[in-house]
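Structure 1 and structure 2 below are the same protein chain in two forms, each given by itself as structure tokens.
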Structure 1
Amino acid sequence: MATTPNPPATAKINRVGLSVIDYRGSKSTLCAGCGHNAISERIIEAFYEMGIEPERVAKLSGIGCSSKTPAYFLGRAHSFNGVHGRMPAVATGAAVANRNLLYIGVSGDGDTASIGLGQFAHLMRRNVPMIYIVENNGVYGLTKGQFSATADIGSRLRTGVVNELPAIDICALAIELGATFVARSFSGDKKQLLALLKAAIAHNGTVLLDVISPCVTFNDHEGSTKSYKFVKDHEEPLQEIGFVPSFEEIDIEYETGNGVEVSLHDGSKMRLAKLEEDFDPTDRIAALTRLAHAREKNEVLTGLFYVNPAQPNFTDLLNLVDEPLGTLPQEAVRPPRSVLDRIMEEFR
């Protein structure tokens, strides 16, 4: 496991005695200006400010530009790079085997919405406790920029080709399937993305965070609906988001009727200053309706769409022990001879 040099004596440390240097990874090999690099920086900030020890984190990914990014943050964390589209199966198995780690999976729109769509569906419906980030740029960057399944109808490639197929809305799909924390952000919106990542760390269930992350090489031109300019011009934030972790006592005042507070399982709180008068992020039907309206109006809707902190997660439903399964002694996991004999008798 890679080691990090000791921070300078003047470096600011967090509540567990680590500096931000302890949360960095290798130098990025992605294109200069890639939105994925901005996401990695926000992940570093979020874990540092939340005081999560890197050794308590497991990073998971599949194949694609996005799936390279776990190398660029939390260099001291556990890591597993899986087969294309199969990261959800690896994440599910890992979470069942050791529920003491905090799991963060990074995927792309191809890795998730094309080859990995079936696995994505089952991860969402099981409410596996993990943060699932989709770095969404609408194209396949490693294979020279073809449209992905999240590309909008009418969007245009640099070659002039126009997409004629409807896009998969990853957020709407995640809500429909059973994810308990669903949000969208933009890699260029540092404040919103950081607040959502901190809340994701505190959530005890499946977090689906769809981040529009423009591809500067293949999809950042006029005619693209995933370019920096298009997203900036068409972004519609659903609410102003603040996050207060459970280890801080901060009082924030809102005018009556203008805000809502959502408590997460660990005592942390999401504070939402409403930009829309009646939107309630705990209302599943309202979230799906608002996303549908945004698609009709060609808006890039960002913010927290849905959260349900009360839903039991997959490992709770399985009644798993707290200890990692690999550390349990044989007598705890192997049925005694008497039990096996009784089972065999039942088949006679």
Structure 2
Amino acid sequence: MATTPNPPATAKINRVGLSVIDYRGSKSTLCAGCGHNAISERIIEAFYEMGIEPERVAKLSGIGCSSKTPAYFLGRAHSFNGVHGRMPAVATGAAVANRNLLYIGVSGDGDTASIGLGQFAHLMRRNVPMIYIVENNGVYGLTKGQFSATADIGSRLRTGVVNELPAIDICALAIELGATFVARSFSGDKKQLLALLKAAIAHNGTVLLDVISPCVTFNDHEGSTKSYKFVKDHEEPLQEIGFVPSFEEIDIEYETGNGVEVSLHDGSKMRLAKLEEDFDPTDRIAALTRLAHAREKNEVLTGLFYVNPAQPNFTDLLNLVDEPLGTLPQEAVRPPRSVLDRIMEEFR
């Protein structure tokens, strides 16, 4: 790209000639140790390693500590920090107006599962091409620690308040509603989260990543089911996830014994070393069943739950012209005088 400054010869660069610094954002203002910061770090790595120009990316968010994070990664990407719970609509509009960008939305469990549940549902059902990350800490961080709708029954706040209502399982909901790539991870699981993010970049449809992301200030104590300790003790990964991007030569022969390979839209491949013998991530019903069991067993189930790379996405269904709608020239969007004349004749 002509406008990319030449990196210093010593710095490591990716396939588009950028170094990891080019993927950074401004300094985080979140609490030290907040899970959300770790997720921002993984996003930076994923986009850097995938060699995506930040200018090709649009970041969107709602309101919450989590929704602040787009300021902290990919500073050169376009950004829209909207209103509470309404990021899905904004993302949908943008994705339709310019199909050539890569969209990443960041939301919180409050932003998604309470105020924004309606918009979340409709985004999933439309299969809008974008990565939708829920930075899930079971509380409203920004308003100082009230329970959110993803808090588990029996989970306790520092104040002693115990949650008595069932948690909304964002992943189960997303699968049920039509998302085509649904996974859960943990902000503390660097390897898994990075592999999932890279695969998410390669997917063409709605990716829902529910990332357990402990709130160190309001929900990281004994008795919380979204604390670092609880998640580490109860994490149950479904697979070991490897990712081979489309632009990398496949040099090592792949052991097919205990695993499956999923080819993604852009030719990248996910290699899933199975930890659970007969789990098939292309089987929706199986995914829903497995999630229901996890819930009963109080497991923090992580991994890729469901993927369907073939499903047409929302912009495919709209049968749009190739050029972004947003920049079509007048000739393409204002019909000629003869059309108005004809229409006027119809009204005579």
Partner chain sequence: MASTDVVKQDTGSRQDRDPVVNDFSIQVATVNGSGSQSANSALMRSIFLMGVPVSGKNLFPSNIAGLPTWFTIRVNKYGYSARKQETDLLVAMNPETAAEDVRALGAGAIVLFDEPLKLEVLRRDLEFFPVPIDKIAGPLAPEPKLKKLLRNMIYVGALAHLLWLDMQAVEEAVRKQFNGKKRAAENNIAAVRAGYDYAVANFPRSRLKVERMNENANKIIIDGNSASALGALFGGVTVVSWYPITPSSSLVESLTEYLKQYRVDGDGKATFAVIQAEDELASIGIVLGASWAGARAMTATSGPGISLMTEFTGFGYYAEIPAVIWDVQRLGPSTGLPTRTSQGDLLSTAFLSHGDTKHPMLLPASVAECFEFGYTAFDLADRLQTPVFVMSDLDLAMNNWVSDPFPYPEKPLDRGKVLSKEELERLGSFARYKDVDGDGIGYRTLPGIQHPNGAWFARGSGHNEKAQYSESPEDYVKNVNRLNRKWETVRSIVPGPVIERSTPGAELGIIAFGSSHWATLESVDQLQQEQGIALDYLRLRAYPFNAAVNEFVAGHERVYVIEQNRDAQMLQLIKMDIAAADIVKLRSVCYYNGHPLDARFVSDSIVSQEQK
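Each form is matched to the other, and the largest set of C-alpha atoms that superpose within 1.5 Å is called the rigid core. These figures come from a predicted structure and were not determined experimentally. Structure 1 provides the reference sequence; residues are numbered from 1 along it.
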Item to complete: Pick out the form predicted alone: structure 1 or structure 2.
Response: 1
Fill in: CA of residue 17, rigid core aligned, shift of 2 Å or more between the two structures
no
Discussion item. So with the rigid core superposed, the C-alpha of residue 335 shifts by how many Å between the two structures?
Written reply: 3.7
